[in-house]
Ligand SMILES: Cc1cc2nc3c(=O)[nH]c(=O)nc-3n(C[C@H](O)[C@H](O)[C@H](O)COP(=O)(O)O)c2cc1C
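The chain that follows stands alone, in the form predicted on its own, written as structure tokens.
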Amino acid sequence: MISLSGIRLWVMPTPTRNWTPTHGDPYRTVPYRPARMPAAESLARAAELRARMDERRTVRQFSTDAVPEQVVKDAIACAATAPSGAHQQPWTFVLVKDAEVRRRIRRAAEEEEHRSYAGRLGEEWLAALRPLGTDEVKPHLTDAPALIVVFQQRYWLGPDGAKRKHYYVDESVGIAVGMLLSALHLSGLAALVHTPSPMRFLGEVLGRPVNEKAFAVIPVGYPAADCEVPDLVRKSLDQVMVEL
């Protein structure tokens, strides 16, 4: 049990063991008996998390100050607890701290972004981006002290060398990225989801295997002292939820 601003959180101990892909193994179970949280504490926890998550903003102006590396690694570990199709966990998180590698990523990303903003995106997409103030210049890729490049594993190789398909890859990796952003924000760090298109250069720069496809680049750090964000309003709960 740990505390979050005075609210106790129940944490199930997780056994540490290596995981390897399996194919056709028999169904097995283990006991799952989490302690039931009292309703009053559950309500308080939910209200605090709702308020804290409402403070999350996408940041494009980062301080170059270093961040605690273990905080970032713990956030990645949280993301890796996400549910996935057939429990195949089809993701790889590449933590990039090296300044030269980040410069290479920025150069390649800006080349692609230049083509996109010069006309590849189309006017409708550019009009949708205009309120966000984005352009082809991406200083966050080198200002932020760390990048998390998320790759989706389209397939894996079995012991016999045969390709084994992963299922619901987009959905699984998307959920993991959402959990990653939440973990980073709740740990006091800012982040941005950057998806230059196409992203093939990321696999080349980072030397990833052919079964991995780049999903997103996530700069991580503290907001710059003069950071500003677009004046945006989120939809209200009654606009996004249907209750039957």
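From 1 onward, residues are counted along the sequence shown. Worth saying up front: this structure is predicted, and the values here are computed from it rather than measured.
Beyond what is shown, the protein has a form predicted in complex with the ligand; the following relates to that form.
Thinking of 23, 82 and 153 as one candidate spot, does the ligand come within 4.5 Å of a heavy atom in every one of them in the predicted bound form?
The answer is no: none of the three residues contacts the partner (heavy atom, 4.5 Å cut-off).
If you check 64, 195, 70, 42 against the ligand in the predicted bound form, which one has a heavy atom within 4.5 Å?
Here the answer is residue option 195.
Within 4.5 Å, heavy atoms only, which of 162, 126, 101, 132 is in contact with the ligand in the predicted bound form?
Only one listed residue qualifies here, and that residue is 132.
Tell me, please, which stretch of 50-58, 23-31, 204-212, 182-190 lies within 4.5 angstroms of the ligand in the predicted bound form when heavy atoms are compared?
Going through the listed ranges, the match is 50-58.
Does the ligand come within 4.5 Å of any heavy atom of residue 225 in the predicted bound form?
Because no heavy atom of residue 225 falls inside 4.5 Å of the ligand in the predicted bound form, the answer is no.
Would you classify residue 234 as touching the ligand in the predicted bound form, given a 4.5 Å non-hydrogen atom cut-off?
Output for residue 234 is yes: heavy atoms within 4.5 Å of the ligand.
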